[in-house]
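What follows is one chain in structure tokens, specifically the form predicted on its own.
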Amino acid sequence: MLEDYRRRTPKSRELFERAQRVFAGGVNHNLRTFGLTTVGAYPPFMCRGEGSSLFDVDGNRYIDWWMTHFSQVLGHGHTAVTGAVAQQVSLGTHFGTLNEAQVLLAEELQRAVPFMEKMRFCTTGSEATMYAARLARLFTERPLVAKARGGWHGGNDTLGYHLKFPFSDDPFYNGVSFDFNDTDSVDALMERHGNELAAVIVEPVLGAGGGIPPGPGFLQYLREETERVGALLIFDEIITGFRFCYGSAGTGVFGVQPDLVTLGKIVAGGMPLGVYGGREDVMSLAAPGAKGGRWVGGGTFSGHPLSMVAGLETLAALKTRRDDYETLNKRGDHFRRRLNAVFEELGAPALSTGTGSIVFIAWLEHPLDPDTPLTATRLGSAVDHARLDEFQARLIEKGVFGYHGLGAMSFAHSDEDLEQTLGAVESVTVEMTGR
């Protein structure tokens, strides 16, 4: 398997051999093996991005669905973004001080997400969710933060648990979980821990757990239940923010307003950034010298000028395309239907999940009842991880690069990209099923 990939990627093979001598597992993010090591191969080393394409060090082109962990909704190398970064580099990379661009970016974010009465910038999504959880504990004077099983909120100890089925690991700190789209699971959580809950944190669309959209009324139910027990509701919109609409998906698409929100990825156009913000009475605890406050936020690279100017240009470009989001979402929905039609026609045990421009694919050990709401537990119990890794590896060999089966569509993906991707999926599915 992957004989053609090996033949075309000798530099990547050599680099990965060297990487394994200096990095644990050869990578600096566990996902960046992209399933290739489990099938006895190695990941490609990329050196250039352009629009919807990536190019590796051996000169091979790939249609990119990973899109920098879903950050590049405008596509790679957007000229306004790269131009702003280049201009800022000529003035200096970072000063460890306040800068004008951070105020301008925060003002634009506040216009786009009005319930962010106050906010703070940090460098990563992991920091943003960690600080949001810490603020919730300070504000409520309660210990527990609940999360959805399968929800990924970064690598911090506060929220880095119950990531993969069967969700049997213990949290490092005070944490509990529930099943996304399962109100009975939420009821059990509230009955057992409601008086101890500082907050519930949830992605409006469950990301790593399967790209699962919320069922009718589920986010509203979380809003009502958190208010009832006196807990804060935190929306982690590091993936969903500015992906489905210009601003918050929680309010703009699903009509539910949280107390706090975290943003990142798209907001900085491929540069490092985390944002946490929301109610002023909660965020005031992060202010220097605040009564009852604690050290909540900082870091050498917070408010980094390169991230600030990249974010400003990204939001400016997205603002001009705010009416195009509907088309992007419809394209994603239609493409998932076409993928599932291929799997059904070939009798393949595979399923494309997601919503709007999020397009995931899972290979399954057993079929799922389409009439039962999809949860991370139901999907996780059915996923055939070995076949999914093989599927992704074979797609990469055919020039389609992604993760979670596929990934996320951008404004830069052309109709030709979609047709080539669909053809590659069909070809790989035939290879794997023999049909």
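Residues carry their position along the shown sequence, with the first being 1. Bear in mind that the values here come from a model prediction, so they are computed numbers and not experimental data.
The same protein has a further form, the form predicted together with a small molecule, not shown here; the description that follows concerns it.
- Picking from 237 to 245, 180 to 188, 350 to 358, 314 to 322, which part of the chain touches the small molecule in the model of the complex when contact means heavy atoms within 4.5 Å? Contact criterion met by 237 to 245 only.
- Query: Within 4.5 Å of the small molecule in the model of the complex, heavy atoms considered, which of G194, G154, G75, P171?
  - Reply: Comparing distances to the small molecule in the model of the complex, the residue within 4.5 Å is G154.
- Task: Go through T251, S126, Q88, N99 and name the one with a heavy atom inside 4.5 Å of the small molecule in the model of the complex.
- Result: Looking at T251, S126, Q88, N99 one by one, just S126 meets the 4.5 Å heavy-atom criterion.
- Heavy atoms within 4.5 Å of the small molecule in the model of the complex: does R336 have any? Because no heavy atom of R336 falls inside 4.5 Å of the small molecule in the model of the complex, the answer is no.
- Does D259 reach the small molecule in the model of the complex if we count a contact as any heavy atom within 4.5 Å? Judged by the heavy-atom cut-off of 4.5 Å, D259 is well away from the small molecule in the model of the complex.
- Item | R149 within 4.5 Å of the small molecule in the model of the complex, heavy atoms | Although the small molecule is absent here, R149 would stay clear of it in the model of the complex, with no heavy atoms inside 4.5 Å.
- Would K265 show up as a contact with the small molecule in the model of the complex if we use heavy atoms at 4.5 Å? The answer is yes: K265 has a heavy atom within 4.5 Å of the small molecule.
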